[in-house]
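So this first bit is one chain, no partners, the form predicted on its own, shown in C-alpha cells.
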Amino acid sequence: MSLEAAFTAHAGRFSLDVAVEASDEIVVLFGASGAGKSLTLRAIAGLTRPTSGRIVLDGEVLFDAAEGIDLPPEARRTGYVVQEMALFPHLSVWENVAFALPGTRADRRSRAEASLATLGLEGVGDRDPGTLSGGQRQRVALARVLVRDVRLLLLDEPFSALDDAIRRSLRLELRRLQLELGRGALFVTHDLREAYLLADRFVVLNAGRVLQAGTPGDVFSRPVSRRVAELLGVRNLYRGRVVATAPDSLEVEVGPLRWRCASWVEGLRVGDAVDVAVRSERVVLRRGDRPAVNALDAVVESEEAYGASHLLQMRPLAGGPLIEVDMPARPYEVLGVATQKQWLLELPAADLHVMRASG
C-alpha cells in the first residue's frame, strides 16, 4: 500500500495545507484539537472535497483538482472509523458488520463472522450491539471496515472514549492486525502516549500545517521548533544564545548558566538566539558525589505526587530558570527526596536539544 497526499482544504475560516505519505505502516497524525487532523482524514476518505492538490492511493488517483478527479467515498476502498461507532441498534452484530456487503445472506454472514473472528469476537454475531462492552463495540466497528477489504484504514481517535485497560488492548489488537494483514493506517490522536506506542511514523500538525514528520524517536528527541517541543509535552524550554561550537556539541548560555548540548538543528552559529529543550524525565538527580557534565546545585521549590512518579520544580542556586524533574516513585523513595531539598542536577548533553529561536 502506498499513499501520497498533498492538498489544501477549507472548513469555514479554517485553512488546511498538508502533505502526508504512508505505506504498510501506522502513521500517527498528532496535534492539539483544531489542528486539522480529522479534516485530513475526511479529505482522504472523500467526505470533504479539497480546494487544491492531489491524493493518490496505490497508484490510483482519488483526487486531482487540476484534472477534475474526485472519486466518491465508496470507490476509494478506504475504511473510516471514528470515536462514535455508529452501530445500528436494530441490527445484530453480524448484520452490522455485513451492512452494505453484496451477495446472499449466507455469504454475507460468513464473511462477517470471519471478520469478527479476526478481532477475537467469535460467537457474538447474533447478539445486539447494546449488550457488548465498549471495547467489543469498537472491535465490531473495526470488523465492519475490514470485511470490505479496504486498502487504507483511517482511524479518527477510535479509542478515546474507552477506559485505559480497553484502550491498551485495542492498541495491541490494531498493531497485530497491521502486521498480519499488511494494511496501512492513518491514526489520529491527541494522546501523546498512544501516539508513541502506535506510530511507525509520526506527523505533528498545528493550525492546519505539518510542522514535522519522521520516526517517533527522531521527532521526540529532535523537535525542529519550540512549538513542536511544546506539543510533545516538553516543559523544560529555555531561551538562550549559542556561545561556542564544536564538531560534537554546542555551548549555550541560558541566563547565568552555560550548558554543553549534543543535539541541535542544522545551521546554528555563535551568537544565534536559540530555544533549548530537555524532557523532565531526562534530568538526573545526584547526591553530588561525582563530577558530571552540565551539573548545577538546585533546591526543590515545589513538588507534586502522581502515585507512580513525582514532579519536582527545582531552582538553581546560581540563578536561572526553574527546571522540572519527573522522577519515578521508587528512586524518589530510595534517595529520600522528601527529606532533602538541595541536590545536584545533571542535564546530560545528549538530552539537551537546541533549536533556532522562534516566537
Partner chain sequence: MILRRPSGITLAVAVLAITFALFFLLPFAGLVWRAVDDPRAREALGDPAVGMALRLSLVTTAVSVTLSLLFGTPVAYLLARRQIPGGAVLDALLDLPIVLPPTVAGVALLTAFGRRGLLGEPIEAVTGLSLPFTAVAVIVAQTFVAAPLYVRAARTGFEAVDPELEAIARTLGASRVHVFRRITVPLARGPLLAGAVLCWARALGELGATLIFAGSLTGRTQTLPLAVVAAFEGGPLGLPGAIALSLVLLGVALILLIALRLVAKRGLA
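Residue numbers count along the first chain shown, from 1. Since the model is a prediction, treat every value here as computed from it, not as a measurement.
Separately, the form predicted together with its partner chain exists; it is not shown, and the next lines address it.
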property: Listed residue (Ile166, Leu132, Ala161, Leu91) with a non-hydrogen atom within 4.5 angstroms of its partner chain in the predicted complex; result: Leu91
property: Sole residue of Ser115, Thr78, Gln178, Asn236 within 4.5 Å of its partner chain in the predicted complex, by heavy atom; result: Thr78
property: Its partner chain in the predicted complex: contacting segment from 321 to 329, 25 to 33, 56 to 64, 43 to 51, heavy atom within 4.5 Å; result: 43 to 51
property: 4.5 Å heavy atom contact, Arg144 to its partner chain in the predicted complex; result: yes
property: Contact of Asp126 with its partner chain in the predicted complex (heavy atom, 4.5 Å); result: no
property: 4.5 angstroms heavy atom contact with its partner chain in the predicted complex for Val82; result: yes
property: Contact label in the predicted complex: Gly255 to its partner chain, heavy atom within 4.5 Å; result: no
